[in-house]
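Just the one chain here, the form predicted alone, laid out as structure tokens.
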């Protein structure tokens, strides 16, 4: 799980991360007067949208850079640097909300335990993140590229946690959360900046991975990934990744 994020690049070139989650806020259905935790808030775009519903919202993220950017953008809102695996709240929130974060954290039990403790009785957990099969074609292209170049894969080529509906629902129920809505669906996602889109994506979301390779090897590898994936993932002048999302709504007893 990376702790280093380029917050400015995230906002400038990867706005789809939060723009495609508008429907998730509707599922959350914030009610005036509620207290809500935005878990993995990034640069605060959805935190601000939730706050507009008349609720008190706290945005937390492990990345200090993301939190700094969120505070600059939304100075009236509350943000804290907090690791999702180390939540220390006790029955403080009517709801916990999370978008495009939990697939970065393989330690799902720790996260869910913290969420369950953070919720008031009757509180809800609404989340969306990468689900089973997410970016499978891209990851296969990563592996083919290493083979084609005769390069050894650094540790962590696939650091993500992409559970099935059943796997994640079971984890939630073991922590006292009743799953009322759960769906896994395809969401093909077009990257910004045309030809440069895939390199931008790799450099933001696999930054620590590239650092292990060194810049010269990283450049060679990125070009090979583009070549390997072009037939399947380059469409009408832009890169389109094979995203699959898991959307969950669960209530605590």
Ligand code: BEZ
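Numbering follows the first chain given and starts at 1. None of the values given here were measured: they were computed from a predicted structure.
There is another form of the same protein, the form predicted together with this ligand; it is not shown, and what comes next is about it.
Among 135, 105, 77, 179, the residue placing a heavy atom within 4.5 Å of this ligand in the predicted bound form is 135. Residue heavy atoms within 4.5 Å of this ligand in the predicted bound form occur in exactly one stretch of 67-75, 88-96, 110-118, 159-167, and that stretch is 159-167.
A residue is said to contact a partner when one of its heavy atoms sits within 4.5 Å of a partner heavy atom; residue 221 fails this definition for this ligand in the predicted bound form, lying far away.
Using a 4.5 Å cutoff between non-hydrogen atoms, residue 209 does not count as a contact of this ligand in the predicted bound form. Highlighted residues 201, 205 and 245: every one comes within 4.5 Å of this ligand in the predicted bound form, counting any heavy atom. Of all the residues from 167-193, none has a non-hydrogen atom no more than 4.5 Å from this ligand in the predicted bound form.
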